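So this first bit is one chain, no partners, the form predicted alone, shown in structure tokens.
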Amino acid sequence: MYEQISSNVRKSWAMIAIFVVFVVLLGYIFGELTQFGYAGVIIALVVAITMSWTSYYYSDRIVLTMSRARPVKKEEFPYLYNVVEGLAIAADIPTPKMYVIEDTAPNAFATGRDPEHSAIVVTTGLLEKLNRVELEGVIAHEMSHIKNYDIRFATLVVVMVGSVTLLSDWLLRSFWWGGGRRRNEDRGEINVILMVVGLILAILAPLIAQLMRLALSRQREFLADASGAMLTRYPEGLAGALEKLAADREPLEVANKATAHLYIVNPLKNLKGSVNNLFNTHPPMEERVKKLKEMAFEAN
């Protein structure tokens, strides 16, 4: 289990490093081909960070409202309260606030910005269809997202995706207004190569950034699976829950493309095919279950 967690952490930070290099490369070409220089890069970063700061502090309220989640009282679902409180003690974090979505489709997600400001949301369908060990597996997975600071991690990725999108948009606009040609006349033929590379990056960068964001999101799901299994010391519980959730074909009415990546399983219709899987917000279910069963085998 520890090897699996370490491997997932290394892969996540390796992708972040590649992401940073990509942003710096795009910023360098932008500075070389436009009259803005590096000041334009700084402005792009400031705008992206400001947008992300706002979403960082208020996104949880927005998501809870969009998902029609309501707070839960202990008297209403004591069973859920006991599971969440017990796992919070085991994870050594404050007990997250609890919310439910009135929907028979089984699913769950965590939101917030850190363990002190976090919430776990489950559907009533999840409480009805899972047994105790399966429910503990799902709650432990969401608890791991909180403990691993995945929300903060996602904000960092949003900053980089926003920076890439702004820089690529400004690059395209500079080509439109002839900025690249002016620099080309000033600095010789080598800038022709930079112009071609810049044009290709400006067109492809938003797509590449989105693919990297989705790949990071999938990697964090693997990490939360492994950390959740560590928390309960029973990987079979989460594996059984994932199989049950994957087999349930009932749609989650309140889910949409903006919130789909938050849930433990994709609440929207799964994309089929190797190319379409690149745009999926979650790793293949078969692979998640396989890894959990391998962890159970190693633990035994």
Partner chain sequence: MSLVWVVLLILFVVIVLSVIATYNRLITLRNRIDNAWAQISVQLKRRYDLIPNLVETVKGYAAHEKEVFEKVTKARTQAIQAGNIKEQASAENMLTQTLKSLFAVAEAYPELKANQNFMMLQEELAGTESKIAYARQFYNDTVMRFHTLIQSFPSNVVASIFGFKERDYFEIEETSRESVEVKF
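Numbering follows the first chain given and starts at 1. For clarity, every value in this text was computed on a predicted model and none was experimentally measured.
This next part talks about the form predicted in complex with the partner chain, which is not shown.
- Though the partner is left out of this view, Ala69 does not reach within 4.5 Å of the partner chain in the model of the complex, counting heavy atoms only.
- Ser59 falls outside the set of residues with a heavy atom inside 4.5 Å of the partner chain in the model of the complex.
- Looking at Lys73, you'd find every heavy atom of it more than 4.5 angstroms from the partner chain in the model of the complex.
- The closest heavy atom approach of Arg233 to the partner chain in the model of the complex falls within 4.5 Å.
- Note on the interface: of 217-225, 128-136, 197-205, 109-117, the segment with non-hydrogen atoms within 4.5 angstroms of the partner chain in the model of the complex is 128-136.
- Proximity of Ala246, Glu250 and Pro284 to the partner chain in the model of the complex is absent: no residue of the three has a non-hydrogen atom within 4.5 angstroms.
- Residue Leu87 is the only one of Leu87, Met160, Ile151, Ile101 with a heavy atom lying within 4.5 Å of the partner chain in the model of the complex.
- Along 103-117, no residue reaches a heavy atom to within 4.5 Å of the partner chain in the model of the complex.
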